[in-house]
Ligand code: PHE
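Coming up is one lone chain in structure tokens, specifically the form predicted on its own.
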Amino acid sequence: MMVEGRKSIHGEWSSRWAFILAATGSAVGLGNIWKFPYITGENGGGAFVLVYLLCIAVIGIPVMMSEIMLGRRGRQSPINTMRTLAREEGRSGYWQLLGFVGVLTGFLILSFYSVIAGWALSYVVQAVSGLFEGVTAERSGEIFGELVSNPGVQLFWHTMFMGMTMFVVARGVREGLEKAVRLLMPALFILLLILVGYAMNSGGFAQGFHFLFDPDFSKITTEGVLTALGHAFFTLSLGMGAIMIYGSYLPENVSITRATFTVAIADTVVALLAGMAIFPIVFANSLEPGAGPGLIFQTLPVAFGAMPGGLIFGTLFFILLVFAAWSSAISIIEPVVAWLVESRGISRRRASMIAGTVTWALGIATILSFNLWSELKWMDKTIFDLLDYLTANIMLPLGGLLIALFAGWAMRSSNSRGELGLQQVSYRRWQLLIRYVTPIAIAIVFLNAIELI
């Protein structure tokens, strides 16, 4: 059954559409446009995409439904929500650790996410200045190299992005979060469609399409499967408290199931469109699809430099890439801001300042990992690589596993079914996935991740 009268002190989304835009904004960000293409390139293309889509369907969607459900039922920050729900279900208070894991994961992710978003901010200025006009693949690589080798420049853009993020979060749910995503996400989707249209005439579309959708299972590895699962969590913003806190602002009359499927489909479509836009350009310009984190920043400028209206189009693309990152960042930091307001009794503005400052300070380590600390490695990974690996492949799946176990086993069936609003047959299918299939799949990959460390 649903809980009557429990309300969030932070406010509520104005409508189902507002929640879908916000949750899609959380999901659609750098993970789709920056990370998905390069990890697909690193893991062999089509086979990796197939595994990724399977992870979204079997693991991502059931966990997302569960996380929204827990958030709406608790109506508080993830830490306090899990404390309330554990008490309500007669379970151990240790379940609040699920919330702590999410908050910590979000801190670590946003610390390096903000640095990458800072790169996009920098590229807006460079695109406006006409730097990409007629740029060669070699010169594009040099421009990117000059950026990441300069800690001062990166720190400036990282600081700018964190300031933008905390400005929105400080304004609250409707005045800040909701207004920020209402126009940005549809605009990004349209712009990606235009870029795909350009890619179709780039000369490398058939090769890019083949690379993305023609699976060669000989190229898939255990680490590739692990990466696909981790990215399913990363791209849907699962296991870091973002979707749980957004669920806590969800009106009671909104269907969790329909909202989840809408968000998951939109997120996946954007990721695939990004691949269809980027890989043809990669192959048409004889670039390397497994180029790593710099792929989008080295590949797209080549296209913008060659296409008609490239200066305007390139500028708009990087602006909207910043906006996509922005909408994700505000969702990642929102759980800890909400917790500070609830548990410490401080103003939202002050809570935003504290959370933003700590995250900003953590980001400095990522900046230095690309230059002054590039030789500082553990398990052959720089600080950035290590943070990326630990959060995407261990902490997010761990958070997802705990969500699945609580929703599937710790909650009474009458409560979870009432909150989800599912018919008996549909509820049994969800329960089968969340109790058995999802936890087993996560546990297997999670144990492999530990072995790979």
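Sequential numbering from 1, following the sequence displayed. Bear in mind the structure is a predicted one, so any value in this text is a computation, not a measurement.
The discussion below concerns the form predicted in complex with the named molecule, not included here.
Participant: For the three residues Gly29, Asn32 and Ser237, which mark the spot I'm curious about, does each lie within 4.5 Å of the named molecule in the predicted bound form through at least one heavy atom?
Facilitator: Heavy-atom distance to the named molecule in the predicted bound form: all three under 4.5 Å.
Participant: Pick from Thr227, Ser114, Ser331, Thr81: which has a non-hydrogen atom within 4.5 Å of the named molecule in the predicted bound form?
Facilitator: The residue in contact is Ser331.
Participant: Which residue, Ile109, Leu85, Val181, Ile278, is the contact with the named molecule in the predicted bound form, using a 4.5 Å heavy atom cutoff?
Facilitator: Result of the distance check: Ile109.
Participant: Work out which of the listed stretches, 300 to 308, 376 to 384, 228 to 236, 251 to 259, brings a heavy atom within 4.5 angstroms of the named molecule in the predicted bound form.
Facilitator: Looking at the partner contacts, the answer comes out as 228 to 236.
Participant: When the contact criterion is heavy atoms within 4.5 Å, does Ala242 count as touching the named molecule in the predicted bound form?
Facilitator: Answer yes; at least one heavy atom of Ala242 falls within 4.5 Å of the named molecule in the predicted bound form.
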